[in-house]
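Same protein, same chain, two forms; see structure 1 and structure 2 below, as structure tokens.
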Structure 1
């Protein structure tokens, strides 16, 4: 296990609660016609913390998984788990059951919380795994009240799953101290304020939505409005109400908003532009922002997007400046409190202007991969730098991403997808003799997942295969292109040469 740099008794949760108390009567959350104050959030999370504790004094890092629609209940459950001393494991609401089962088993979750929308779906799995279940539909009320536990800063707080260069996703463990560092650097750098009103359209099982959007907003006394299912029209309608002044999204979302705006008349476009120009901040990240998207967005909205770079393991690390030049095609400079260096294959810092792997140090960096000490150790240098696997260069003081170390990591719609994970599942299909998965460049999605297959039957059809895959993995991971081949391109060692394969698509 990695050695912690900090161990004090100052509490992240106490600060979060103190901030919320300061803004008690202000609106914290809006979903559709409903709105909730910070006081309601404090009350609901305290009640749920007591429900989870059920008379015990501390959940002592028990894993509590929750499948809850984006909105007030999601945040109330998240805060409740933290306040009760548990580890929050947010489940992806679009996962099929086998993917959820993997997360529940891998985290060794003991309690599952579900809202009305997901209760019937998840209950059989909860029963099969013999876990405790808390139904939000039944509006649970605490029967016993205990003093909420005192949490040291290095208490584990959250596990988020990330796909990588192994065939199964890994659980990234962040502590309360990590969360505070990840939030406060952004609050400072992007000048968050209590008058802000942000729209959340992102999924809530990844850092972009969880940290950058909801946690920064609620740390600052701002209002967070949810649009649980993204549509470009839905977003533009909410923008038009004139209250939202901060927005954060992945490049694919800006691409879709641009397409929606471009389909409107000139007059309508001008009306939208007048609204968008009044925003305080618009951020893009999770995948490379194409210069063309940045320029079109500037033309349509009058806004220069702020691009930043992050990762599940580190939160955000590098950002274009809030004030100062936001350079197209660049991710900016190190955020406050985050150390960044570029190194060669021997972990030696490269001279300025040369390409190297991005390595990160700071209180923002995660603690460990859950139950994977070897993977954790491999992802750090002997002197404690986290190895991101992303390659960059510094030009005129700004970092520019050049690519990734591994061809097996695909970024599509801002989601990180492991080619190996998809190949592993494909190989379990009775008709697939062999396969190889790659990401092919695509303007809208960044990359599209593409699978080359060697099949055992001529009558094979990809539609049936696609439906079969959909039962085993979330939609965003499923291949969008299939190609049946007689053989896969291989090198002298017999290894599939994925760069050659990409050319076939």
Structure 2
């Protein structure tokens, strides 16, 4: 376990509750035809906190897992766990039971909360593991009332799981102090305000939806509307109501919205554009934003997407500016309160203009990997910098991601090649709808550059594409293998899972 820091009695939940009290009668959450005020959220979360405490004075960092549909109940449960002194463990609603069992056993969760939609699904597993169960379907009411605990900032607050693309997922532990730093930094940088109205279409077992969308909105007194089941048409219909003015999504979602808009007539496109231009902010993240997607979205919406960079372990660390130039293909500059440096394989800071691994330091950085002290230690330098494993370069004051060192940096014939750079060029070809580039093992070259393609024409010719690429990049960067696929393997956040893609070659 890492040493706890920030020994102070000022607490995150006190501020969150104070902010909610300030906006008590304003709408906090909308789900379909239902809307809920901040006062209703405070009341529901306090009642659930008392239910979880069951007469105790403090959950004392007990892990409380919950599988709840996106919406009011989800937030009420999350706040209740925090207010009762527990550690919130959001379960992914699309995971199969073995994956959920892994999380419950790894966290040693003692309580599971489920709503009506997932109660029958999760109950047998809860019984098998002999855990306490709280059903929201029965609308539990506290039978005893105790004073809610006072929580120091260094309390552990949440465990989110990494995607586990290379080995078993690791539980990322954030403290109340980490959460406050991650939220308040974005509220300042992206100029959140109480008049904002954001639509949440993102999974809620991930930092993007939990922190960037829900927590920033509710910290600011804004309204968060939920669309539990994503469809491009459903999103555009909600946009057309004229209430939503902030939107955050992954590149895959923007890609789908672009396809939906491009299928409309010119007149209908202009009607949508007039609505979209009135938005205050649109953000893309969780995967690299293709320049082609950014440019198409700007043409269709009048908005230049704000791209940023973050991880489960750090929240957000780098962002294009809210006011100022948003550079296509760049993740931006360090956020307030976050230190960023680029280092070489010897952990030495690289000169400006040279590529290096991104390392992060700040109050936003997580505490530890749950019950994995060796993994935690390996992820930090001796002087406390978190090693992200992502490689970037600084150009004209902006960070540009070259890729993940383990998967996007292809080592071929003595060269280090960025898969993301090749992907950007491939996407400019008129017949390539989408693509992903990986390195596949090869005795002679170490790795061969290989490209998986989604194409718009059945008569696609890879030899013609290869000749086209040779005019646009050095020979050593051009793919040696091509594979036409119907779809690319992706995780819940829409990010291509490149280890799964490698197996196709």
Ligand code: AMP
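In this text, the rigid core denotes the largest set of C-alpha atoms whose superposition between the two forms falls within 1.5 Å. Keep in mind that this is a model prediction, so the values were computed, not measured. Residue numbers count along the first chain shown, from 1.
S.K.: Does the form predicted on its own correspond to structure 1 or to structure 2?
M.R.: Answer 2, the form predicted on its own.
S.K.: State whether the rigid part containing residue 410 also contains residue 231, for the motion between the two structures.
M.R.: No, the two C-alpha atoms fit different parts' superpositions better.
S.K.: Should the larger rigid part be superposed on its C-alpha atoms, how many degrees would the smaller part be seen to turn between the two structures?
M.R.: The answer is a rotation of 146 degrees for the smaller part.
S.K.: If the rigid core is lined up, how many Å does the C-alpha atom of residue 438 shift between the two structures?
M.R.: After core superposition, the C-alpha of residue 438 moves 6.8 Å between the two structures.
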